[in-house]
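Take a look at this single chain in structure tokens; it is the form predicted alone.
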């Protein structure tokens, strides 16, 4: 895998890459389509990816991390149409949720048919939710923490299969830097009523200085749990719990690691002649690895 180039809405002369890859303006992207095997889409889910991924899927194999769960079916249809028109592969909603957590929800529900699924996020910084806050007029910067409710976690792990509302499972805490003179009440209200992001949660908003944000909220940790509880036996007398946990020092670095693996799969699928939109459910696990099938069977099976 090699970073060929980077496209940015910023002035390329102000952007430095660790790999030394050349930075170009986003407007120049189609001039480089023959140089790129897979284009990784790094925009936000609120306003960028719904437009950018279908637009680019006509010309490139693409992978994105679209994470507005309710809108994934529509996004899939848009990318599928564009990818098939261009004879390319588009893999959407890649990361850890949606992504790795999605796979574990699928595995758990297939194995324990008589059971219930639970997903908890945090405590950690949500990139998508933080980005959504930053798009609000008057906001300079922001971090949003998603926090599991401990009582809900304990109830799930007990195997009692509680019925939990969205609000009972998580709280959200926001740290916001506002422009001088900005209407703080308006900003807070726009956050707490934001559909698909905050409207179904108990949300606390703190307005702090840029210095406080940089000092106390510089890192982007995250993580969470996917839990499937179920029963087996003639009388359903045996309880089982499947738990998958992530504890991440850096949300973006882990997410990018997942995306790169799926970029490898996108390239392989397209070389085989496949086209259209895919999700993590559709990708053979072996296509993610840089090892051969023989090596995987020997080392990991």
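Positions refer to the first chain, counted from 1. Computed from a predicted model, the values in this text were never measured in an experiment.
Keep in mind the form predicted in complex with a further copy of the same chain is missing from the figure; the text below concerns it.
Q: Would you confirm whether the three residues 3, 6 and 141 all fall within 4.5 Å of a further copy of the same chain in the model of the complex, going by non-hydrogen atoms?
A: Not a single listed residue reaches a further copy of the same chain in the model of the complex, so no.
Q: Which among 24-32, 51-59, 66-74, 37-45 is in contact with a further copy of the same chain in the model of the complex, heavy atoms within 4.5 angstroms?
A: Only one stretch qualifies here: 66-74.
Q: Give a yes/no on whether residue 286 approaches a further copy of the same chain to within 4.5 Å in the model of the complex, heavy atoms considered.
A: Yes, contact at 4.5 Å.
Q: Even though a further copy of the same chain is not shown here, does residue 109 get within 4.5 Å of it in the model of the complex, heavy atoms only?
A: Yes, contact at 4.5 Å.
Q: Does residue 271 reach a further copy of the same chain in the model of the complex if we count a contact as any heavy atom within 4.5 Å?
A: No, no contact at 4.5 Å.
Q: Within a 4.5 Å heavy atom cut-off, is residue 104 in contact with a further copy of the same chain in the model of the complex?
A: Output for residue 104 is yes: heavy atoms within 4.5 Å of a further copy of the same chain.
Q: For the stretch 237-253, which residues lie within 4.5 Å of a further copy of the same chain in the model of the complex by non-hydrogen atom distance?
A: Residues within 4.5 Å: 237, 238, 239, 240, 241, 242, 243, 244, 245, 246, 247, 248, 249, 250, 253.
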